[in-house]
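Listed next as C-alpha cells is one chain, alone, in the form predicted on its own.
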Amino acid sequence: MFMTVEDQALNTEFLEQGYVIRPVADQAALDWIRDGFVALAEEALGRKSDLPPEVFLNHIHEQVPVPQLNDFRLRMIRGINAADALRENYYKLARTYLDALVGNELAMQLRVNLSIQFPDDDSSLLPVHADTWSGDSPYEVVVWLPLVNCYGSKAMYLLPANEYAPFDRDFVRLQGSSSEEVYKSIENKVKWLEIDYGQVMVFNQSLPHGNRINAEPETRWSMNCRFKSVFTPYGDKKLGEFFEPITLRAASRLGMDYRYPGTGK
C-alpha cells in the first residue's frame, strides 16, 4: 500500500481497535467551538460566568434543572449549528486523521450533534447500538469530540474491533433481546474510552457503543459528526439530505459535470 509509515500505523490501529484517539489537529478551532458553547450557555442562563470554561461546563448541572436539560441541549445545538464557521472548524479538528482513514474527498453530516449528560441522570442515556443497525452506511466514521475531560462513566463505551467476532456470531440469538440484555452480554468486553479536552476520536460506528448513567461528579459535553468518502455507498442517509460534499477535487468536479460532445448528456 502506498501510504506513509504514519498513515499505515493509523490505519492498522483503527482496524484493530475500531477507533483512534489523537490530539486535535487545530487547537484554535477547538477553542472556538468551546467558547461558542460557553457564550450560548451564558445567554440561555441570562448571566455571565467568571469561571474558567472547563469548570463552567463541567458544573452546568448546578444551574440547569434536569427537566429543562433537553430544551437546553436543543438550544445549544441550534445555536452552534447556526454559526457559519462551525462545520469547517469541526472538520479542521480531525482533518489529517480523516485524510488518512477515509480519504480526501469527503462528505460531512449537515448538522453536528451534541450530548450533555448530567451526573446521576438517566434521561440522557444512549442504549447500546451500532449506527448501521438503523440504516447508516458502513462506509461512515464518527468524529467524536469532548468539550470537557471525559473519563470513567462520564465517557462512552465501545466494543473493540478485536472483540466483535463473538458478538457477531451471537447476534441472531440476541435478536428480540432488550438493549439492556444486549449490553449485559458484552459488558465485560466493552472499553470505556478516556478522552481529554484537546483530543479527538474517530471511531467505527458499525461497532456496538453507547453510554451509561454518569456516576462522576461532572457533566459530560461531547459532540459527534459523521464523515464518509463522497463516492462510497450511502445508506438511508443520503447525499444532499443528510450529507454534503466538503472537499471535492478538480478532477471529480470535471467528471461529474462532463457531457459527451453534442449529446448534452
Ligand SMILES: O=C(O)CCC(=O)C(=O)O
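This one's a predicted model, so the numbers in the text were calculated from it and none came from an experiment. Start at 1 with the first residue shown and count on from there.
Here the subject shifts to the form predicted in complex with the named molecule, a form of this protein not shown in this document.
Asks: Are any of the heavy atoms in R226 no more than 4.5 Å from a heavy atom of the named molecule in the predicted complex?
Replies: Yes, R226 sits close enough to the named molecule in the predicted complex that at least one of its heavy atoms falls within 4.5 Å.
Asks: Quick one: does K184 come within 4.5 Å of the named molecule in the predicted complex, counting heavy atoms only?
Replies: No - in the predicted complex, heavy atoms of K184 and the named molecule never come within 4.5 Å of each other.
Asks: Since only the chain is shown here, I'm wondering whether F56 would be in contact with the named molecule in the predicted complex (any heavy atom pair within 4.5 Å).
Replies: So F56 does not count as contacting the named molecule.
Asks: So in the predicted complex, does F203 come within 4.5 Å of the named molecule, heavy atom to heavy atom?
Replies: Heavy-atom contact with the named molecule at 4.5 Å: present for F203.
Asks: Looking at L174, A83, L126, L110 here, can you tell me which has any non-hydrogen atom within 4.5 angstroms of the named molecule in the predicted complex?
Replies: By the 4.5 Å heavy-atom cutoff, the listed residue in contact is L126.
Asks: If you check M76, V142, L98, V190 against the named molecule in the predicted complex, which one has a heavy atom within 4.5 Å?
Replies: When the named molecule is considered in the predicted complex, the option within 4.5 Å is V142.
Asks: Report the stretch among 99-107, 68-76, 127-135, 174-182 that approaches the named molecule in the predicted complex to within 4.5 Å, counting heavy atoms only.
Replies: Among the listed stretches, the partner-contacting one is 127-135.
Asks: Is any part of 198-212 within 4.5 angstroms of the named molecule in the predicted complex by a non-hydrogen atom, and which residues would that be?
Replies: In sequence order, F203, H209, G210, N211 come within 4.5 Å of the partner.
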